[in-house]
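Shown next as structure tokens: one chain only, the form predicted on its own.
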Amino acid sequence: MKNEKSILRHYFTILKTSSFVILCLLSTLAYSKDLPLYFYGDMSSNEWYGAIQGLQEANAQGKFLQLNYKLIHKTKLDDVKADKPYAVISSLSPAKLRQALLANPQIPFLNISSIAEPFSRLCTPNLFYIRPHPSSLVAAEAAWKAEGRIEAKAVLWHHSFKKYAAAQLNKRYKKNTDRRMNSESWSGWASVKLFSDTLARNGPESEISIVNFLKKSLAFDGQKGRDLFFNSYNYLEQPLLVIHDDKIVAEISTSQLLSAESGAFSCK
């Protein structure tokens, strides 16, 4: 009789433990938040592969906060207004985004294209540029050569960058994609990560305007040795790498170039 009671108590304990585990799992599923991010651009591009890398890292962080990010490839800009994603990542020309931007002022658009047209053609508060204006790259190269230095090229990122945990990021990307991380793939990665970091900090249900937060409060660790933020022209202010013979020879901040090149950024 005593053994029977002991066995019953044992099974009852197992049943309670199993019920608790099931309830916890159901609770996690019930409160897990799906956060759709839209991507407009080529799915074979470095930008897309970089964004996928950012997505993996965002979800590794997000699972502890019950946040599940989804990167959804889109081709129709009308879907933005219909579906209202948390953010739009685009490698399209900014001019092509004009109508969608104006129709969705509360949604941040993170542009990762190499911009060909003048900034003055499109000035909207919810458009953020991950990559620098081409004039900044030209100014960085000119500043480097001004003192008689060797010919060099200014870029956003390089696969040989090692400082500030950049080596680890390059290694993760190479392992996952069998590609070297470059300016295009870093911009894709950064666009997802800076947004997921913002939501992780504020919560997806926060009453804080994400657009306003990105404009005024962003402090993003982009593996560049300093907090990155959007300046008053909505460009991500960050160090550029100066490359010669496929090697990094210098770093120069876009903030050093802004005053000289401000005419290229002005909204008219």
Partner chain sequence: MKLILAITAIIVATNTMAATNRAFVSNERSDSVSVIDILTNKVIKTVQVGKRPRGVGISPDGNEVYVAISADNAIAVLDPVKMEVIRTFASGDDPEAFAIHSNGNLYISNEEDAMASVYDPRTGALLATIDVGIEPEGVAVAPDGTRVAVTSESTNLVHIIDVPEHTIQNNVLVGARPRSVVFSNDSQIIYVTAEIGGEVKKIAADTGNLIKKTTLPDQNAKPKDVLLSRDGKNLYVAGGRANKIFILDAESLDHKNSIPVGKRVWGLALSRDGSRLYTTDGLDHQVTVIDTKSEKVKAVIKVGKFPWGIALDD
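Residue numbers count along the first chain shown, from 1. Predicted model, so just to flag it, every value in this text is computed and none were measured.
This protein has a second form, the form predicted together with the partner chain, left out of what is shown; the following refers to that one.
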ask   = Any chance residue 225 has a heavy atom within 4.5 Å of the partner chain in the predicted complex?
value = yes
inquiry  = If we define contact as a non-hydrogen atom of the residue within 4.5 angstroms of the partner, is residue 93 a contact of the partner chain in the predicted complex?
reply    = no
query = For residue 57, is any heavy atom within 4.5 Å of the partner chain in the predicted complex, or not?
reply = yes
task = Examine residue 201 and determine whether its closest non-hydrogen atom to the partner chain in the predicted complex is within 4.5 angstroms.
result = yes
key: Segment that reaches the partner chain in the predicted complex - one of 34-42, 239-247, 226-234, 209-217, heavy atoms within 4.5 Å   = 226-234
request  = Counting non-hydrogen atoms within 4.5 angstroms of the partner chain in the predicted complex, say which of 176, 168, 160, 99 makes the cut.
outcome  = 168
Residue (of 172, 145, 153, 73) lying close to the partner chain in the predicted complex, criterion heavy atoms within 4.5 Å = 172
